[in-house]
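The data below hold one chain only, encoded as structure tokens and taken in the form predicted on its own.
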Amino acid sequence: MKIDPNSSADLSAQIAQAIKDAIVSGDLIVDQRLPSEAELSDQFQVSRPTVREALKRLAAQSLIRTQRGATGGAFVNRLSFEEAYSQQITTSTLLLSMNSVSFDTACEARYALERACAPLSALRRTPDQLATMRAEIFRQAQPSLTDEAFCASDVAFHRALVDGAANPVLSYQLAGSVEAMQPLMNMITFSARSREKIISLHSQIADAIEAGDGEAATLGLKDLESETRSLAASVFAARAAQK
């Protein structure tokens, strides 16, 4: 593991990247103890506070865990998809909120990924996941439901569909799309949308999932994407006209 002391990049970031690269390459394996702060300080020729900051960066990414005591230290962590969900959601939220990704780009990615889940979900979904989708549709039909609660229910519906695919890689990829992109899309379109239309499309998708018809579920998602894009276009046009 090496760093470039002449580089303009932060030294702690370089050290964190070097250790991360060693974990990814398999040079450092799960549960292996990292060298001590003093040893890393000597190895990279930096101060111990710099090493400590690098370790904090790795811990924040769930790549290492720390233990106290005589047998303690920093150890390579066994990263799970569940632990990585929150990072994916946070990153996606920041990208969208800072306008690094356009609405159309986010919408295209979000529905393309979910359509990949639909046929799998039609085959693999559990009774509980289907029940969740049905329960959220029922909830969405309640007249007293606030816009915020409707949006949360919308996210829960799509989360159940995605998780029904029983593919952790797809679930991880869609964590940002559903948990971050979907709420932001809802914020843009909620003032123009028809709840009845959304509920109808959700029911169409759930019926297809229950029947094991992946093609029909995919078509339902395509219709939902068209509706979302149409709503967004009308909102953006209205905003432009006001200016």
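Residues carry their position along the shown sequence, with the first being 1. By rigid core we mean the largest C-alpha set that fits within 1.5 Å across both forms. Keep in mind that what you see is a predicted model, and the values were worked out from it rather than measured.
The following text describes the form predicted together with another copy of the chain, which does not appear among the structures shown.
Novice: With a 4.5 Å heavy atom cut-off, would you call L95 a contact of another copy of the chain in the predicted bound form?
Specialist: Yes, L95 sits close enough to another copy of the chain in the predicted bound form that at least one of its heavy atoms falls within 4.5 Å.
Novice: Please tell me whether any heavy atom belonging to Q43 falls inside 4.5 Å of a heavy atom of another copy of the chain, as the geometry stands in the predicted bound form.
Specialist: No, Q43 sits far enough from another copy of the chain in the predicted bound form that none of its heavy atoms falls within 4.5 Å.
Novice: Give a yes/no on whether E53 approaches another copy of the chain to within 4.5 Å in the predicted bound form, heavy atoms considered.
Specialist: Close contact exists here: in the predicted bound form, E53 approaches another copy of the chain to within 4.5 Å, heavy atoms only.
Novice: Is Y172 close enough to another copy of the chain in the predicted bound form to count, meaning some heavy atom within 4.5 Å?
Specialist: Because a heavy atom of Y172 falls inside 4.5 Å of another copy of the chain in the predicted bound form, the answer is yes.
Novice: Quick one: from A38, A192, V30, A211, grab the residue that has a heavy atom within 4.5 Å of another copy of the chain in the predicted bound form.
Specialist: It is V30.
Novice: Pick from T146, Q142, T90, T126: which has a non-hydrogen atom within 4.5 Å of another copy of the chain in the predicted bound form?
Specialist: Answer to the contact question: T90.
Novice: Need the contact residues for 109 to 143: heavy atom within 4.5 Å of another copy of the chain in the predicted bound form, sequence order, or none if there are none.
Specialist: Heavy-atom contacts within 4.5 Å come from A109, A112, L113, A116, L120, R124.
Novice: Once you overlay the rigid core, does the Cα of T66 travel 2 Å or further between this form and the one not shown?
Specialist: False for T66: its C-alpha shift is below 2 Å.
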